[in-house]
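This document opens with one chain alone, in structure tokens, the form predicted alone.
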């Protein structure tokens, strides 16, 4: 394994009823709380009522920051930061999925920084040598794993750039994770979030080193768990065991544990981020379209790992297959699973216009951690193969 330093400062409270049991004591030191959420679904599923009742009982001054979109924008970040500064917010409470939590991480930074956080922390790596506004998370969607890392993906609409950075200083102080909160998530959102989990794991798995290592062993087990539990949750959306496993799979995929000793690829995420920057398409759906095609472009450069993927994750027997045939069988199994989930398989289904492909391809970042460094021309080839 490669050398590494591990840190994760987020304290997790996991299980049914955890919000009722722990939230009041976790916000004890804050007088003014910014309650942040998305399009308002938490008001129809009971989560909003439960959280606000707790905040009211504890006598907190509560301000609301709503309307955080699926691909949170830099403009939305600045809006939240202005509220924090103007109202002297002591704590941000993000209630939702990864988009809400990501946005709130950037808000917590921007509220305490006098400069341009986009240029100083997203376009270029920065150093956080001050205390951002404290942040807590109540997770309602399993997908990004944002509750246990400092990563935040933000879209700058003016520049047409969607990108993320991970700063340990932006880790939420705590994460409350009640799997029952995910019951009301629409099936399409549950499935796209579930595929995002699988994608996070695959993007780390398909990278060096390929020698025997703990991270790869954990990832093979996690991928099997995601596949198994997504199928169970599709059959019964209120299967608590499946929902709780998916929620923890999501956290494990992005709490830095499996990345230890790995280079990490994330080329597909780079490509999908730019699709999102130009079209605002659903993140998990975009990944589902891109991932099999991308892997058919690079599998020969990481052949032994793709063989393990087929054997250890999809349980495909050898039966006289060559290594190349095994690798392709594993990619075929991934593609079949995407269809089984009902996810899109073409960029046309996502509303991408063919005329946009070259410009989007040229705007994509190139990963240094992939098995083979691809070019912008090859990204365009992948987009064209994915189009219809």
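Because the structure is predicted, anything quoted here is derived from the model rather than measured. Numbering follows the first chain given and starts at 1.
If you look for the form predicted together with 5,6-dihydroxy-NADP, you will not find it shown, but the lines that follow are about it.
A single residue from the set 279, 241, 184, 213 has any heavy atom within 4.5 angstroms of 5,6-dihydroxy-NADP in the predicted bound form; that residue is 184.
Exactly one listed residue, out of 144, 108, 204, 291, brings a non-hydrogen atom to within 4.5 Å of 5,6-dihydroxy-NADP in the predicted bound form: 144. The candidate spot formed by 229, 305 and 338 is out of contact with 5,6-dihydroxy-NADP in the predicted bound form: none of the three has a heavy atom within 4.5 Å. The closest heavy atom approach of residue 156 to 5,6-dihydroxy-NADP in the predicted bound form falls outside 4.5 Å.
When contacts are judged by a 4.5 Å heavy atom cut-off, residue 249 does not count as touching 5,6-dihydroxy-NADP in the predicted bound form. The closest non-hydrogen atom of residue 132 lies beyond 4.5 Å of 5,6-dihydroxy-NADP in the predicted bound form. Using a 4.5 Å cutoff between non-hydrogen atoms, residue 41 counts as a contact of 5,6-dihydroxy-NADP in the predicted bound form. Note that among 69 to 77, 313 to 321, 124 to 132, 297 to 305, the stretch whose heavy atoms approach 5,6-dihydroxy-NADP to within 4.5 Å in the predicted bound form is 69 to 77. For the partner-free chain shown, just 283 of 281 to 303 comes within 4.5 angstroms of 5,6-dihydroxy-NADP in the predicted bound form, judged by any non-hydrogen atom.
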